[in-house]
Every structure is written in C-alpha cells, then in structure tokens.
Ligand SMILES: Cc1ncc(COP(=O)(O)O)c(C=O)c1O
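Presented as structure tokens, the chain that follows is alone, the form predicted on its own.
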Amino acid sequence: MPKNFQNLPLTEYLEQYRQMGMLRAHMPGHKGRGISEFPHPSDVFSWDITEISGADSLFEASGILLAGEAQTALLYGSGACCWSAGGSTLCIQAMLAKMRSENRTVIAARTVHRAFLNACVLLGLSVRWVFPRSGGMISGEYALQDFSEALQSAVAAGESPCVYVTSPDYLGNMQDIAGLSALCHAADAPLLVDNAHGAHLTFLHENRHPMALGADYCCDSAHKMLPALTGAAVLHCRNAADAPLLKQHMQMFGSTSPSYLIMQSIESSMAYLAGRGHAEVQRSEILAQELRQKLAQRYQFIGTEPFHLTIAADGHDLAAQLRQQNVECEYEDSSFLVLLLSPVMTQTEFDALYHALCSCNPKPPKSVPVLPSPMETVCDMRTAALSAWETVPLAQAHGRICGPVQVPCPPAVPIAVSGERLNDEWLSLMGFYGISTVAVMR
C-alpha cells in the first residue's frame, strides 16, 4: 500500500486545462472565471463550513438560507423555491416524490434525463410514455394531442396523472409549455418541467421560463448557463404551501452536508441576475442571434433556445476542428455539435467563436434514424433496475430485458428503459448513438 499519492491526475488535468485558455463553449456558465458578486476567495477552505450557529440548515431553513430562497422566488415569480446543492437531480427526485405521495401516474415525454428514471426506480413510480413524432432520442418534436390522449386514458383508467417534460432539451429544442399547462390544468394534472438548461429563460427579451408559462413545478440548474458552481440548482413551485413538503423530500435524497460554497454561488448568481445580469442575458441573446445569422450560409442550426448553439453536422469532426481553434464544445455525436453560450461571455469571445467556426469545414451529419415502434414492457422499472443483471454486447441482446439504464453523460438520455424487451430496431438505434453494450436482466 503506497503511503502517499505518486501523482494527482485530476489536479494535473484541471490545472492543464486552466492554463490552456480554451474558449469554454460548455457548462458551467461561469466559463472558468468569477463574477464580482462571487468574490472567489483565494483560500476557499476558509469559506467552506457546515451548519454552525447562524449558518442555517438547508433542508430546515429558517434564517439566511430561507431569506435567499425567498429572494430567488421573487426574482423568478415563483410561489416559492428551494435551493439545491445536489444539482437538478435532487430537484427531480423531490418533484417526483411529491407526485408519489399523491399516488399519481406520471405521463412523461420519452426524452428524459437518466436522473428521472433513477428517481422513478427509487420511488416505484409507474410511467406512461409519450414518444416524439420526429427527431431522435436525444431531442424530438412532440404533439400536444399525444399528451391530451395520454391524460384522457389515465383519467379513464381511474388514475390521477401528472405530466413531466424536459424543456429545453439537450439540443435546445423547447416544448409548448403554455399549451401543455392548459391541457394539464383542465385535467387537474400538475405539470413538472425539467428546465435544467433554462435558468436564464426568465431574463430573455421574452420571458420563456416554465413558471411564467404555467408549470406547477420546475427545476433550474443554475450552473449550466449562469455563473454558479457545478451542483447549484433551484426547485420552483407555484403553490408556496408545497415548499415544506418538497424540502422534506429533498432531505430524503440529498446529502446532510450540502456545500456552502455551492449555495453561496446560487446567491451570487441571483444577485447577478437581479442587477447587471438581466441586461447581460439580453445582450448575449442578441449576440447569439447575430452569430447564427452571420453563419447561416455555412451551418445549419437547430433548436429555439438562444444559448444552445446546436449545429447539424458530423459533430466529432467539427469538435476536433474547433479544438484546433482553441474552442471546447459541450457535446458531439455523428449528427450534432452543441456549443453552450452564457451571459458572462464577452464580445471578444463571441467574435473568437465566430472566427473559429468560419475556419472550420463542417462535414454533413448522419441522418437521425426514424424512431421504431415502442418496445414491449415486460416488468416495471424498479423490478428490472434492481434485479441481478449482466452486460452483453448489442449483438447478443435481442429478446433480453433491459436492466439498469447505463447511458453516458452527456447527454444522459436513455434509449431503452428498464423492464423493456430489446429488439433489433432499438438495438440498432443504440448502435447509432455509439452504445456497444447493454445491461440486461439475468
């Protein structure tokens, strides 16, 4: 047993990346530098505390943390909100636990994050899936009619439904939240939105935040687009009376030692938005639109969320070219490349990104396969995910039942779901997205 570390690979990588000075077109939204609202002390250890006297306690907040949450709710126009130092994952777990406590059936758009599936497994929730009518498994286009039919079917079966969607999704496509809200409220069904990629939406020229469009519950990952530390998130609810119960659910899943540095970065990013940040969001929104317009003859952009610069191209090849131009992307596959923008980006950085993209020669994207018919569900997700399992190559998986979902992050969007019987069409889709093995029940 060695008495000390011979090397520090993570530390060495982080320092190397810091010194490279890459244009960080990826999360977190602080882009590798601080803001005046978050002083970034040179000795972060002196700021790292626990729940001592006067520091409040996140899941039982009654002092300074409760005051910060109240200010955040006012800023966004929510009934109440709860801070999370465990990312949007903790917020998703709390939202779904609330639905479980109400014995609701979840109607969900299939392009969900794996955090949703894991929460359903832990909570024993059943899910009625709505599949996109076009697009792939990472991002798809949905029809309100399909959600309407799913709601009617659930109500006819004597179930109390709720609806869960991801918007914006990983590629920057957005759902019709206002339309979904109207459908849900007519059916007495809460609308839950994974808005992890949209904490800035309130501050665009047109407020497009889910809470402004009728959502009942919504999670924001502050670190994705805002200048907050990784793990910073906010859970919003329309009815302020729900906040204590949501807190109770959060403490079931969250660490009893939430990071005060992360929470302080939430407070700082909120102060930023309440001050100069609002104008900087709108400035960057305009710069992002101008960037698209200037490059429209060279690139095909998709998505309607302005801070997701998603290009239809051979993403692997384009990402390699951009790294030669000192730009690191958020996500790449054979069909798309995602660059994430931020309100803290300067005019110089937007110009540098423009010149870098002008210097690249994009190759055509692979066509995203048409989605096959839904797979047969053999057992519930909880049973399948917690059963004995083994990993097999895709070629040996036909007819087997999907066990625990194992998908890389990013994008962390599952193709098969625990409990579904795998067939050749869906296995081929997995292969298209670069998955070579799958966990199946024994």
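Throughout, we count residues from 1 along the sequence that is shown. Model, not experiment: these values are computed from the prediction.
The protein also exists as the form predicted in complex with the ligand; that form is not presented, and the subsequent description refers to it.
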| task | Tell me, yes or no, whether Ala199 is in contact with the ligand in the predicted complex, where a contact means a heavy atom of each within 4.5 Å. | result | no
So in the predicted complex, does any heavy atom of Ser88 sit within 4.5 Å of the ligand? yes
- Does at least one non-hydrogen atom of Lys224 fall within 4.5 angstroms of the ligand in the predicted complex? yes
Check: Hey, in the predicted complex, does His113 get a heavy atom within 4.5 angstroms of the ligand?
Finding: yes
Counting only non-hydrogen atoms, the one stretch of 151-159, 80-88, 312-320, 253-261 within 4.5 angstroms of the ligand in the predicted complex is 80-88
The listed residue (Ser139, Ser284, Thr166, Ser268) that reaches within 4.5 Å of the ligand in the predicted complex by any heavy atom is Thr166
If we test each of Phe336, Tyr170, Phe147, Phe203 for a heavy atom within 4.5 Å of the ligand in the predicted complex, the one that passes is Tyr170
